[in-house]
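Below, in structure tokens: the form predicted alone, a single chain.
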């Protein structure tokens, strides 16, 4: 009995050590950038900033290019999310409920773009877009960002439709409900929260997408992430980029917390057919 007690009471110091390293690697840069966003004076070799304030917030939010980039990002993200929902949700329902030749191969092909280095794929697509005169255009960026939504808008909704209680659908049909009524009154309410989380994740992922927006959209299309990178690379004032980073963190954090509560870990397993 004492041996079991000792085994259960042992502290996994190695696990704590690696957990601490991981926390430092993730949280450390966030703290540094967050500190820079509210810093007015921070000179070497001082460890703590000499002066805090909101002066750079006012300067950053007063720039016309920041607001232009924000409006453009919202327009792009909205269009991409709506198109992705219109294209992918019917496909997700078909994958979840229908059997047809090549179903599994086609299902996994939607995720093939995430199995290879993303930048190499984007360069290949950019070469095609160059021939189609889509480089530097709004719709060129829309098309390239649609590729990044496939995992959210196919994988997660498939799991949502698979998890719907078929007995409730059968009971609705038994009392005379038509296919549309069954879908609207039974299937959608059960799958809806998970689908909403997938749409939200797609919206957030598109809003923060950088590589495709930069490679396909430059120089005419400048989204918020692209503008933030240009601030960091070209401006001597690091606070501009730090302020934009903090502004970009807040909505993503809220969206991810909501999606985490709705989806849970089992949704991805069901997407594999589990």
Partner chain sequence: MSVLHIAEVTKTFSAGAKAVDSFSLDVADGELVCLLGPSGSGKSTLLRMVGGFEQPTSGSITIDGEDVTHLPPERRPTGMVFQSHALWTHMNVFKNLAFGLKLRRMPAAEIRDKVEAVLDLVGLAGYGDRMTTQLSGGQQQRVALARSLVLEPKILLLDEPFASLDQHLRERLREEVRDIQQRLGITTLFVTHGQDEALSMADRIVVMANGKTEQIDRPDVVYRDPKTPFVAGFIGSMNLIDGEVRNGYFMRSDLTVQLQVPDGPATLAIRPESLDVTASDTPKASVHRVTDYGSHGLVDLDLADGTRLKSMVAHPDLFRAGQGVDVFPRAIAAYRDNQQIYRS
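These figures come from a predicted structure and were not determined experimentally. Numbering follows the first chain given and starts at 1.
Omitted here: the form predicted in complex with the partner chain. The next part is about that form.
Novice: Taking 4.5 angstroms as the cut-off for heavy atoms, does residue 168 touch the partner chain in the predicted complex?
Specialist: Residue 168 belongs to the contact set for the partner chain.
Novice: With the partner left out of view, is residue 176 within 4.5 angstroms of the partner chain in the predicted complex by any non-hydrogen atom?
Specialist: Residue 176: contacts the partner chain in the predicted complex.
Novice: Considering non-hydrogen atoms and a 4.5 Å limit, does the partner chain approach residue 185 in the predicted complex?
Specialist: Yes, residue 185 is a contact residue.
Novice: Does any heavy atom of residue 181 come within 4.5 Å of a heavy atom of the partner chain in the predicted complex?
Specialist: Looking in the predicted complex, residue contacts with the partner chain include residue 181, since a heavy atom lies within 4.5 Å.
Novice: Can you work out which of 150, 96, 195, 172 has a heavy atom no more than 4.5 Å from the partner chain in the predicted complex?
Specialist: Among 150, 96, 195, 172, a heavy atom within 4.5 Å of the partner chain in the predicted complex occurs only for 172.
Novice: Please determine, with the chain shown alone, which of 159 to 167, 84 to 92, 142 to 150, 129 to 137 has non-hydrogen atoms within 4.5 Å of the partner chain in the predicted complex.
Specialist: Looking at the partner contacts, the answer comes out as 159 to 167.
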